[in-house]
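Taking the form predicted on its own, here's one chain by itself in structure tokens.
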Amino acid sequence: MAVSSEATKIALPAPAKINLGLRVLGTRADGYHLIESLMVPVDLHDEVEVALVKAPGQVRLALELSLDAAGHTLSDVPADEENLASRAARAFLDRAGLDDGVEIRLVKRIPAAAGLGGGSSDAGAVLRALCALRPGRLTPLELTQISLAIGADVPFFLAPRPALVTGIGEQVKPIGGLPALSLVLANPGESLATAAVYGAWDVLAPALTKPQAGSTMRALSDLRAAESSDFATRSRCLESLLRNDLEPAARRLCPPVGQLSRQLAQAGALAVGMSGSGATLFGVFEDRQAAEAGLGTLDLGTSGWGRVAATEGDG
């Protein structure tokens, strides 16, 4: 991102993400969960505008709430210092020792608490913008440290592109060559708190099959090797790749997750996955036309929502 030395304002898209599989490999002594996941941005974006102002130490947020795919006004998005975008700006100013003020304009389109990383993406966009406006003030290590303190998904959004994410979210390895995927995103209209889902996983874990590190990359290699026109093989590869260890916990807390997963399969999806800790499901379809047809068959009730989307590449 090229920015002139006189620039005081930057506008950036903040993409949602899906998890092409999420394996929980264990729990650290401090309670944080170790994961392995292939995270990929999709073409659903918030808009973030960051401006430096002469108001030392102040962080101001202007929040604009859009409608979700069902026409409902987005809710559960804090408009104060608890918003992750505001926290990111505050963390950058404090760590860099700057006497600037920051004004943020945030247009929300990504639903909150949906497993799509909307708040984390907003925080990542703010940090990217401030790094461009005040280059060299933080080292890459410092940036990773403050991003991880904001949220486990934020390090991925420092450079949102397909990546293998491991550790507790701080180890991000870009992955090239991922085929473009046509998707239907679907949500039953219920929020799931990440902490609650991981708590339910802790209870269920002794009865679950223990995943092995590296399983995500092995499944991805099989998908890369499959011919794009061989939908049967691609379906088998995707089914292996899209395993999300948190889904049994999410289904226990929110039974409509299971019902919606079955609907997507019946709608013709090659494979169905759950993003993050839910409750958003996604079906992978042969192409956009098939995805649009599949979306039309879903019964989402009065509170659920669905939309056609596509993965974004290396960028």
Ligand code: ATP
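All residue numbers refer to positions in the sequence shown, first residue = 1. Quantities reported herein were computed from a predicted structural model and do not represent experimental measurements.
As for the form predicted together with this ligand, it is not shown, yet the points below apply to it.
Answer option from 82, 99, 230, 94, heavy atom within 4.5 Å of this ligand in the model of the complex: The residue from 82, 99, 230, 94 that makes the contact is 82.
Interface residue in the model of the complex among 114, 197, 219, 146, criterion: non-hydrogen atom within 4.5 angstroms of this ligand: Partner contact (heavy atom, 4.5 Å) among the options: 114.
Can you tell me which of 82-90, 171-179, 230-238, 131-139 lies within 4.5 Å of this ligand in the model of the complex, counting heavy atoms only? Flagged stretch: 82-90.
Even though this ligand is not shown here, does residue 127 get within 4.5 Å of it in the model of the complex, heavy atoms only? Because no heavy atom of residue 127 falls inside 4.5 Å of this ligand in the model of the complex, the answer is no.
So, in the model of the complex, is residue 187 in contact with this ligand at a 4.5 angstroms heavy atom limit? It does not: once this ligand is placed as it appears in the model of the complex, residue 187 has no heavy atom within 4.5 Å of it.
With a 4.5 Å heavy atom cut-off, would you call residue 164 a contact of this ligand in the model of the complex? So residue 164 does not count as contacting this ligand.
Contact between residue 211 and this ligand in the model of the complex at 4.5 Å, heavy atoms? Because no heavy atom of residue 211 falls inside 4.5 Å of this ligand in the model of the complex, the answer is no.
Stretch 117-139 - residues with a heavy atom within 4.5 Å of this ligand in the model of the complex: Contacts from 117-139: 117, 118, 119, 120, 122.
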